[in-house]
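Single chain ahead, written as structure tokens, the form predicted alone.
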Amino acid sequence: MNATTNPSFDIAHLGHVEVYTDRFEDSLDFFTRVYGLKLSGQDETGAWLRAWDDYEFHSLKLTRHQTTGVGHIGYRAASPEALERRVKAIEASGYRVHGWTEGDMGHGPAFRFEDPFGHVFEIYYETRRAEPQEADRPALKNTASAFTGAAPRRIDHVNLLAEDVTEFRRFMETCLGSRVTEMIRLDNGRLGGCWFTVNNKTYDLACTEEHGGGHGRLHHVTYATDQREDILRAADIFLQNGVHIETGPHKHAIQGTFFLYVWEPAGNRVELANAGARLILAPDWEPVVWTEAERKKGQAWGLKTIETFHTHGTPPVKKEP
């Protein structure tokens, strides 16, 4: 384990991702009616959404904006004391600090900071629990709400783009105490991608190399389903509703997840994934390293990775005339 990684699990889990959209009404319709997230709250700035079994008030904040991309990534600390420890570590890290905010509709005070590539993160502890509306109240009392649409169960991970994955890895280990579970080592020695976890999930954040000339961009945000068949059904739902299916359904080689990628109306990439029951329980886990040659073989069953998967991110990069 890297010496900078915090083994005490100060961070409990990925809490939410803020996604920008310049087509707010269309994006909101997609995420609620088609994708199947629940609307927890809304005001003139945006909407707060969650999957049917997310226990917090929101796991996705959809914000009106002049462009697309990611606004910030929120992690929940394991306790007030853990939050305090992480804040001290971040303040001493040398990375850019934004400081404390009063919080949001879905949580209390949050401490914001930034990676070297323009992605803003926040950590918080005080949170607001899910409050399902009458129409969404579950028949089974041990689930958070009923479900509709593609019906993902919970937020799973976010994938960010960075010009230097090695430096991003240093940021994640130093600031969040993340562990690397899998990585891509390119022939030139650079890291092409890293998959990080703060708990026993296989990963909650991935970072892959930026090939589109952008800065601080989003590759995709992902929600998890219970089983692969849910993703096959979702593909038909997306087709029926005119959603652009980019690639899949298929199985990733890295992390072994069954996947389906689509673009929501504003152009942000969204994934449905099923990881099964794969957990990282070993306290001395050694990262799985994939070579450039192995990655060129494609996905687990031989599907070649399409070009847009390497180049498309949000916000789009303006091309010089």
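All residue numbers refer to positions in the sequence shown, first residue = 1. In this text the structure is predicted, and so the values were computed from the model without any measurement.
Here the subject shifts to the form predicted together with a further copy of the same chain, a form of this protein not shown in this document.
No member of the trio Thr45, Asp164 and Trp263 reaches a further copy of the same chain in the model of the complex with any non-hydrogen atom inside 4.5 Å.
Heavy atoms within 4.5 Å of a further copy of the same chain in the model of the complex map, among the stretches 23-31, 277-285, 263-271, 57-65, onto 277-285 alone. Though a further copy of the same chain is absent from this view, in the model of the complex it lies within 4.5 Å of a heavy atom of just one residue from Glu102, Glu229, Glu131, Asp187, which is Glu229. The single contact residue among Gly248, Gly216, Gly193, Gly106, judged by any heavy atom lying within 4.5 Å of a further copy of the same chain in the model of the complex, is Gly248. In the model of the complex, a further copy of the same chain sits beyond 4.5 Å of every heavy atom of Leu176. Among residues of the shown chain, Val289 is one whose heavy atoms approach a further copy of the same chain to within 4.5 Å in the model of the complex. The closest non-hydrogen atom of Lys88 lies beyond 4.5 Å of a further copy of the same chain in the model of the complex.
Not displayed here, a further copy of the same chain is kept clear of Leu160 by more than 4.5 Å at the level of heavy atoms in the model of the complex. Along 63-77, these residues reach a heavy atom to within 4.5 Å of a further copy of the same chain in the model of the complex: Arg76, Ala77.
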